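Single chain ahead, written as structure tokens, the form predicted alone.
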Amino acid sequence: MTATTVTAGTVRGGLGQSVVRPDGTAKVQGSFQFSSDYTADDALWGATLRSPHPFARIVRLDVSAALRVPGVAAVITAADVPGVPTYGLISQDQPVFASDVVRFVGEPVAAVAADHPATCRQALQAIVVEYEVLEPLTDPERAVDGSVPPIHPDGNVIRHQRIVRGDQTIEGPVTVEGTYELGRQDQAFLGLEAALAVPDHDGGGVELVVATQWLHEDQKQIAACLALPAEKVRLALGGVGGAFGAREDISLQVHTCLLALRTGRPVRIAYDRHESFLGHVHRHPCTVWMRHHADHDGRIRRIEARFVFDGGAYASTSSAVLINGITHTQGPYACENATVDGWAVRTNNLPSGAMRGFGVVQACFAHESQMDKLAAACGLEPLEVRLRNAMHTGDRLITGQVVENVAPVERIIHEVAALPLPDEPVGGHDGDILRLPGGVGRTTDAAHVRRGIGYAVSIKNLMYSEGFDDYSTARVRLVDGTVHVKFATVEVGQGFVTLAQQIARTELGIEDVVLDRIDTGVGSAGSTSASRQTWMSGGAVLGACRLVRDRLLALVADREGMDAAALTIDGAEIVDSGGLLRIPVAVAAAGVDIDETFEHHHPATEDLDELGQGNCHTAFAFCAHRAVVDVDTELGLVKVVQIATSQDVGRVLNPLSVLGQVEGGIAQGLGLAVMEELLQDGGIVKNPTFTDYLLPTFLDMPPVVVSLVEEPEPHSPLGAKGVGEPPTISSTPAVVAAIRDAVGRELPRVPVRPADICL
């Protein structure tokens, strides 16, 4: 063909562009199928009987009356679990159904399948359970000190870990200390737990459509409980209405599959909000004591700390959350001398597990509160003390690990400080009462309102830690000019379905990219957690696309009698190294069928030794927040006026998606600061509805001002860092610091309540 000089353009919908979500239109129109929308012909409904006690011995369990209820197809208990009777992410310590002892309010005891939800409720009421109520362990400190008998065969301490590094005798001329508490936050996703299980016609297997965060891990645990080979338990992703960590653990998966296999019919289970609060893990309540030793100029010499994480009744991810928390004790600051003790313990409270930030939220609230105390003790401004201690690439953590990633801590501090402050006075220029903390209640007198400004900075590890072989798999097929991408990467709203298409378009120069069903029909992608999917699954899609690209270029080179090494895809065209050859990719791909699978691995990290030393993390990202609040000092009411943030993102792959993650993460951080807490009294949940568990609404969210710091990460396949977790981590202490600035109180606990401000 005739060679001509060309200037190739960027392919539409590629990386760096604000591409809209492929599922966005369906979600806005209400036609998107969430997990609760799935059904099948002849489907039954399932429901779960749960313990009303936090700790009790099951004396008698009689399901005979429930089986006699018209319309009931099956009732199952622990005796009906054919395989392993327990499950769990790290330690398989949680029963599918309690058989002898219940350990938290809401623990499953039995499940039923019937022709209608009302029939299910009638059957549950007919089940007879006699309990011998026991004294619950609800204080995690009693689990640490061993003053009560074990509530679980594995003991009350899930894990204890020390970190000892450097000179243990250093006592700086300036010391500040404090004890900080964080309440139990719920992930509060809007799409509740739901699943549909369809048994195979021969009864030998089952397919489960479910909202989860890790299809292959669910498959492994379910198959073990069902005593089936993994290939007989096929999982497909149902639409996920948010996750934030709560869907990493099994909830209704095994129950749904057991009922389907028992009845030989499809079974649907869907929780309501009350059951959802009981049926999934929550953020760990935590108490942190911390002491900083510093010089008079504010430079940190040594840190001491003690963490106690309340893991609730079962282990879940508590051991990993503990490690994340204590290894982030120093925050984004240089310090090699530390003494840290951390415990994750069992109690008869609701089980705790993964939630956005994964232990670092607890550490950050403590170390940022300490930084403000240190600034005051040294007569420094809050930002100045942070700048003097800012971590840099090449610094060591208190675990001895070198931070090899881009660490623009000084830059994000300077940039967040430079963002414009709100120019409106208290109550706004027009004195609008809606701008006052009391809002439409007209309870606030503007004369009693004080404005405060607070800062916080955070470091967050990315991807898995402690010896985990992290990998993700993707398959890309180029068929007659259309790209098909398949992966098991769970889309929970973070936007990977958008990013995968952008990667394929950029690498292959073809706009027509189709995403195949997300299921276990391809290798594992790992969990959608730990801010890892852009790095890991993005790398897998990138690798598969490059294999397809290389084969396509080889075909073109062979066809044109050229060297394949001289060809590349630039925008939507194939060009040679001299820029003379010009072939539209769509033309070159006509009639082509290329299929490639790529498994993207990251080297395994190390376990910590007994003194907490080791390279236990993979990578790190950094974030800074500034909050502006108005506080009614008489009534204790708070209005967040503005939140500004500067975030280390590596490289922006989709500006619109990044901003959405930043704003959503800030909303959850704000909620923890001043609203959200799932309360338990003696193990009993007091507020398991959105009437009393308060979430930030549109009116509670302030304007968010964002500066994205782009310094491409050389270790990341795309130069990008995960962005989902950092916005949640330091937004909470920034809001609390602003309230402290307004009222002059210590405020060592979140969420901050009106009484904390007024008393």
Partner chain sequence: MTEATTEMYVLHVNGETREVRDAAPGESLLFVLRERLGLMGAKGACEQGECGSCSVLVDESLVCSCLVLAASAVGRRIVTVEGIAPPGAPTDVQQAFVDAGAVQCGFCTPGLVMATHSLLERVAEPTELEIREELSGNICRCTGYGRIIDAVQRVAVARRGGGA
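In this text, all values refer to a predicted model and were calculated from it rather than measured experimentally. Numbering follows the first chain given and starts at 1.
Another form, the form predicted in complex with the partner chain, is not on view; read the next lines as being about it.
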* Asked: Tell me which of 503-511, 682-690, 559-567, 545-553 has residues with heavy atoms within 4.5 angstroms of the partner chain in the predicted complex?
  -> 682-690
* Asked: Do residue 703 and the partner chain share at least one heavy atom pair within 4.5 Å in the predicted complex?
  -> yes
* Distance check, residue 64 to the partner chain in the predicted complex, heavy atom within 4.5 Å -> no
* Wondering, does residue 707 line up within 4.5 Å of the partner chain in the predicted complex on heavy atoms? -> no
* Is residue 711 close to the partner chain in the predicted complex, meaning a heavy atom pair under 4.5 Å apart or at it? -> no
* Any chance all of 16, 174 and 291 sit within 4.5 Å of the partner chain in the predicted complex, going by non-hydrogen atoms? -> no
* Asked: So which of 391, 240, 223, 198 reaches within 4.5 angstroms of the partner chain in the predicted complex, heavy atom to heavy atom?
  -> 240
* Asked: in the predicted complex, which of the listed residues (667, 515, 375, 594) lies with a heavy atom within 4.5 Å of the partner chain?
  -> 667
* Quick one: name the residues from 640-674 with any non-hydrogen atom within 4.5 angstroms of the partner chain in the predicted complex. => 656, 659, 660, 661, 663, 664, 667, 668
